[in-house]
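Here you'll find one protein chain in two forms, each presented separately as structure tokens under the names structure 1 and structure 2.
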Structure 1
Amino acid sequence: MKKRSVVVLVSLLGAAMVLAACGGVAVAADYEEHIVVAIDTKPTNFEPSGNDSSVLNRLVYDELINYNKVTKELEPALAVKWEWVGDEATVLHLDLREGVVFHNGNAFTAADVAYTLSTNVNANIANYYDHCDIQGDYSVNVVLKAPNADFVNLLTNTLYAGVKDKESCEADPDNGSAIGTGPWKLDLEHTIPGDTIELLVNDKYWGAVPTAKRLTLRYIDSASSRLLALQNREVHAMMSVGETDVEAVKADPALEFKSGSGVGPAKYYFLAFNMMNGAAKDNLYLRQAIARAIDNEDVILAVGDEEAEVSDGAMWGYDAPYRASASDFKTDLSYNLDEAKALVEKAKKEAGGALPELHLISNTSKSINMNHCLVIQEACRKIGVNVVIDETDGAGVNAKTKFNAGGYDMIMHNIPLETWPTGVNRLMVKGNGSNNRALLANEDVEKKLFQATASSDPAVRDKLYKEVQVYVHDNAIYVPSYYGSRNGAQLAGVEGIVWANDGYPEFTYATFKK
């Protein structure tokens, strides 16, 4: 009897172990190994500083420092420690993570950091970076040409500091930069640049290794085609739901609508006056009249962005430090049609008669841009200002606003609200800033920006940055419109995607229960 009991016990134990083992296998098998995502920007090349695909960069490369979008704190990534050497923000010391390897098995060292920074073509890095003093395999001093307290923030972005393998870049100039240290490695053999990007999991990743084994990024240009692919379960997630499809996605129980809400909006939309050679550049009353004629609630209704929030007039980031508020401004530019009409009369006197016809650029890349422009045109019509909308595409906009510096009076545009508080907005008013769509070139503004960048003292930066914002606001150079959202959708059951506020979701740890 006793013997039989032992046999039964051992048998039960064995069965339990087999079941447990099966259970373990079942858990792993519950998740799909291959995740497919429909994206709306196409990765065309594999140079982290020269492409425009933060989605891909975040998968393949690691930044030196991580910016936590929820806590808004800097966290260690490939650099485990960072500090300014001396009082001026000109020498940044970095202690690097040991034991990290690139996808090709090469060890990550300080030489790779120096190579990455020295080959970066971006003005934010190139205009400040001077050289690196390598102090050991895992210790380096980054030396800048001029003080820049924001430089640490730049290292949180793979566009500026997505670390490349020096050895493979030098050995293979065409594809060497496709090798990073990130959680996913590029499968170039099966990748079609600009269309389908195939990635394989990096089993030797220094951080948490993703559950999925393969990740495919598919570029699908049209929002409705992306949604069709999602509804047909060809993809597990999609970026950017079309404005007209949002309700359908929300109503579908098989899908989940996602937006950057909770970590702040994604983009800041504005109207900029051409301050270099636009027809309104010398007529402050005209610019102020237009600013007061636009009801941004109408704009939001027209663009159909349910998550959007009207800008309160400040042109700095949504919840950024050093941000001016209504009490800082000397001029009220809020919506008031009567005031706008009164300002138009003053503008006419200033112009010595009739007001000029104004040309407003609309970027044709998205339909909401045209809707926004139509609201501006109608608002101007109400106060007797004639506006002609000129449509052009991305290359045309850049050609007009940056390189040819002219051919328009106003432009409706937007900038992504990136990960650090002052960087992007500063570029809107900097003489050679990439987002300076107003073509503003003001010596006093330049001086204040330089002083603020150089200072590590928050009080000094706060004062200077606010003075810049007040100047820009009161002179109606930029007319802030609204903070817009970027959204996406995924199949119910998909987990692990971070729908980031900068409009570039992170798919690193995407999983899908079968």
Structure 2
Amino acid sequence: MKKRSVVVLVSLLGAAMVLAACGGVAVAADYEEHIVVAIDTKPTNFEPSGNDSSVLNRLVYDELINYNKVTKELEPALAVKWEWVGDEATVLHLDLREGVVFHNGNAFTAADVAYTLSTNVNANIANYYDHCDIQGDYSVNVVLKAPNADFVNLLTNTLYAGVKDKESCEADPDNGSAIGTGPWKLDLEHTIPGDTIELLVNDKYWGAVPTAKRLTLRYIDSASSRLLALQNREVHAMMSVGETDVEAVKADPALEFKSGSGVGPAKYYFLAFNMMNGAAKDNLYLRQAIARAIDNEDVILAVGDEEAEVSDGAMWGYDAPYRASASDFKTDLSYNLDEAKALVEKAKKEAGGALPELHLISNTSKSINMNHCLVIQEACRKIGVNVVIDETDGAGVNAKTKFNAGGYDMIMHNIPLETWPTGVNRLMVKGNGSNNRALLANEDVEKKLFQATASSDPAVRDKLYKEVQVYVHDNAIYVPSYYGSRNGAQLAGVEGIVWANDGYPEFTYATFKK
């Protein structure tokens, strides 16, 4: 058997947690046994591939491979080794961790991996997974329907691949999937669906066992209500501070404001042109003029995200490899009003007269989106382009951005781009438009993206991905503005929480001194 791309990494974060549990947090008796956290996302069920709750899943389930949001490295989890078999990214060999048990005491084996992947309802896994060839209790080949060099990365996400216990799922179709191997186990008896999730520490966890004994996740929809609960010390930490509450949190000595900036993938905010039936789709100079008229520093100031990072021009994941740089782009689209005005004159000649009025849509029920749109509108006014903001909500945006709809010229939107490069495919491959907000249908772009997905050769992938980024940038199809930050708050003295920029903080090792 020919194997390539062997990856065996030491878990730096796991080692740090062991030190914290054994050294930094020397005496468990000095710490609160019960930690309570206010969350802003409501888990809908206890099926890890279908509940859209990464916060919960990271506590209850283990992924096969861990992505360390701090070191930005892949690390062993339930798989201790992984490698592609042969020259195509179609067969992934996994050596599994021995001695791991589920919360109910059942032993973790390759059969559980095969069951988890075969019953996965998330399209990121289901669209590629074919079957498993089990070679032993702790050895398995994962066989894909089509090559995907980033399938390793997909296995790092518990939303896609949190490992379930095959035996319990088959015995109890309703609640069997609530059993994982993670550091925390669900206390279903005391859980109130849609309100409060109760978890107990897994004393038999294969990794570092948390110091706390009980963890409660309280779903509180309103940011102001979450903050009130924190101020009243009803919770130890909260997700997502409201925009108008940030300064109040920072000024309160009993609280600590936390930003995930730089830790994990960030949500990307951008302007996109409708390339199917938008008024600017055939006028490159007009799109480029608007791109050069927008000062992204003004955008960040308007939306009030102090921890945001200005885009470098590449429509690409914050931590993803194969990123194009300014030296790769053939056209300068950096902020310059004089150049933008010159491009407007070229655009008028291209249009054969006056420029059309452009309609900009966004989910303006969110104030940061509305403020972003207002900056775009004002920037366009300065160069003589009239923009009308069509206010709508999320449902309206989704309805208009389907390939059989349209009816807009530009859209201001955001998307979390993962740490693996194939995450960008959904922005640029023709589909129902739920993520391809530019309604882009370019055969050459799609061909290069699919070729890059199928190749396990880094040099080939680098060339193809950069060509796509340069095309999208130079043609001003997607005009990225900034990487947004995510935040939270905690009581002064709380330790061990990883506040991540993907909006999913990790509460596994949260502690608080009595």
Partner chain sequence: MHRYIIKRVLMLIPIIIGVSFIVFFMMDMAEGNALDLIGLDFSEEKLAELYHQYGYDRSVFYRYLLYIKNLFHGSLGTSIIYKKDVLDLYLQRLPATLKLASASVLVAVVLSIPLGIRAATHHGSLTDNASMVLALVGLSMPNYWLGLMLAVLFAQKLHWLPSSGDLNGIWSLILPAITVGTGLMATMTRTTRSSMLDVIRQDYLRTARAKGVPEKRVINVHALRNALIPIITVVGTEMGKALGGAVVTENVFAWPGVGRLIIEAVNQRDTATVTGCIILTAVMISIVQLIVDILYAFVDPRLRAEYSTGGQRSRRKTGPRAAALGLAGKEGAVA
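All residue numbers here refer to structure 1's sequence, counted from 1. Keep in mind that what you see is a predicted model, and the values were worked out from it rather than measured. So that the term is clear: the rigid core is the largest set of C-alpha atoms that superpose within 1.5 Å between two forms.
Remark: the form predicted alone is the source of structure 2; structure 1 originates elsewhere. Core-superposed comparison between structures 1 and 2: the CA of Trp84 stays below a 2 Å shift. Once the rigid core is used as the reference frame, the Cα position of Glu339 differs between structures 1 and 2 by 2 Å or more. With a cut-off of 2 Å and the rigid core superposed, Lys466 has a Cα displacement that reaches or exceeds the cut-off between structures 1 and 2.
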